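The chain below stands alone and is given as C-alpha cells, in the form predicted on its own.
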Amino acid sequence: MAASLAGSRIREARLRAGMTQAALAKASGISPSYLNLIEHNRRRIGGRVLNAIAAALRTRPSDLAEGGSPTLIADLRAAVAEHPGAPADADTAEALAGRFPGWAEFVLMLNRQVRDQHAAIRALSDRLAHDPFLSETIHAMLSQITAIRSTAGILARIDDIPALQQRRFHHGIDAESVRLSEAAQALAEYLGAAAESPESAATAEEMLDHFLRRHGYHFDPIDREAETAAAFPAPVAAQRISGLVEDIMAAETADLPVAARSLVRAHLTAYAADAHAMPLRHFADAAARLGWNPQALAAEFGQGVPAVFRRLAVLRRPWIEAPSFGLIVVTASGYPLLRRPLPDFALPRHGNACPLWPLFQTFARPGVVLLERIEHDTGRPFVTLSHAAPRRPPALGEVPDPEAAMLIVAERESPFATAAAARPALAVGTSCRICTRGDCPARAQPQLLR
C-alpha cells in the first residue's frame, strides 16, 4: 500500500479528533518530525507504529492502513489512459480511490456515460450512412418527389394540354403522391421503432449482431457441453453439441426471419466446432502459457488461425483472466461477416471500413499474421493482429474466396505490446463518414460529423 494513502488517512483522523501533531506523536511514542513525514506521504508505516497511532486516535489500524479498492484504482487509471493529456498520475488515482471512493465512482460513471454517448453517436452516424432501409426509402421518396414536380411543372407551364392527357398527368400525380405518402409513413414508423427500441434491426446481419450482443458474444452452455462431450466418441460428441445448437435455435430464434435464422445457425455451428476443437479451460490455459500467440495456439490445437482468432475473441469470462479482444472478419470486398466490437473501437455494419486498417494488407499476404500498432481517430492506441486465408480450399484452377480477420486489443492490456512497441502507430478510423481525421489522404467520403 502506498504511504500517501495511510498518511492522508492519519492526518484526517487526527484533525477529526482535534489533536495536534505534537500530541499524537507523544501519544504514539514517535517524534513530531517523524509523524510529519508520515502525514506528508514521505514514510511508509506498519506494525507497531501503525498500531500505536491507531490506539491514540481510538480507531482500528485497518481504518488507517486500508487503501482504495484495487479494482477502483485500476478503473481510474484506465479511464485516465483513455484521455491523453489528462492531468493525473498513479498516486492521484490511488489517493482519490482511498480518500473519496464515492467521488471516484462518480468520475467513473461520468466516464462511462461519455464513452457510451460516443459509441451511440458513432453507431447512429454509421447507421445513417449505411442503413439499407434508410437508403432505399429515401431514394424512393426522392424519385417520387421528382416525378410529382416534373408532372406538376408540365401542367403549370403548358395551357393547351388535351383533356385526356391532363387526366393521365393528374392520375400520375395522384399515384406518385400515394406512394410518397406510404414511403414517408414507413420511414416514420421505422424511425419511431428505432427510437423506442435500440435493438431494432433492418437486416439479417443486424439481427445476428443483436443476438450475439445479448449473449455477450459467447455461449456458456455450448462451452460446457463441448467439455463434457470430450469424453464421448467423436460421432456422439458431435450429435450432442449439434442437438444443443438446435435447442438454442428453437428457444431463441423462432421469431426471426429465415435469413437471420440461417446466419444465427451458421454462427452457432461454427462456435460449437471451435468449442469442441478448443475446449474453453484447456484453451485458456494454453493461451496464457503460450503468450496468447495465435500461431502457437493454432499449432497446439491443430486448427487454423481464423478459428483461434474467434476463440480468443470470446475467451474473457468472469472466471477467466484474459485480454478483452475485439474481432472483425470481412470478405475481400470489405463486407463484414462477423463483428465483435470493443467499447472504444466501433466497427461498421455494412462495409466501408477504414481502408488503412492492417486487415486489408493481409489480402496481399495470405497466411501471414501481421502485428501492428494503430491509433484510432479518438486518440486511443490499440494493437492488432491480422490474417487472411481462403474460406474453403479452392479447387484446381478455382479463384480463392478469401476472408480476412483482425483481432483488436487496447494497447494498455495487450499481451503483444512489447513486440509492437518498436512499430510506429498507424493513424486509422472506423469509416470515412464518421472519422475525424480531416487531412487523411485515404479519405473516400466526406465527413458526416465535424
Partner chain sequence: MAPAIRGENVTQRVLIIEDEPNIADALRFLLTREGFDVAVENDGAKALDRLRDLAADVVILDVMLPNRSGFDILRDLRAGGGTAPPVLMLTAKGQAQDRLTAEALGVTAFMTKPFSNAEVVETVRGLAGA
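Numbering follows the first chain given and starts at 1. We call the rigid core the largest set of C-alpha positions that still match within 1.5 Å between the two forms. Worth saying up front: this structure is predicted, and the values here are computed from it rather than measured.
Keep in mind the form predicted together with the partner chain is missing from the figure; the text below concerns it.
Relative to the partner chain in the model of the complex, residues 146, 154 and 160 are all within 4.5 Å by at least one heavy atom. With the partner omitted here, the residue from 165, 181, 324, 113 that has a non-hydrogen atom within 4.5 angstroms of the partner chain in the model of the complex is 165.
Exactly one listed residue, out of 285, 220, 227, 136, brings a non-hydrogen atom to within 4.5 Å of the partner chain in the model of the complex: 136.
Contact with the partner chain, judged by heavy atoms within 4.5 Å in the model of the complex, is confined among 250-258, 146-154, 339-347, 210-218 to 146-154.
By the criterion of a heavy atom within 4.5 Å, residue 142 is counted among the residues contacting the partner chain in the model of the complex. When the partner chain is considered in the model of the complex, residue 375 lies well away from it, no heavy atom lying within 4.5 Å.
In the model of the complex, the partner chain sits within 4.5 Å of a heavy atom belonging to residue 176. Interface residue remark: residue 172 is counted as part of the site for the partner chain in the model of the complex, having a heavy atom within 4.5 Å. Core-superposed comparison between this form and the one not shown: CA of residue 339 displaced by less than 2 Å.
Once both forms are overlaid on the rigid core, the distance between the two CA positions of residue 153 between this form and the one not shown is 2 angstroms or more. Residue displacement note: residue 179 has its CA displaced by at least 2 Å between this form and the one not shown (rigid core superposed).
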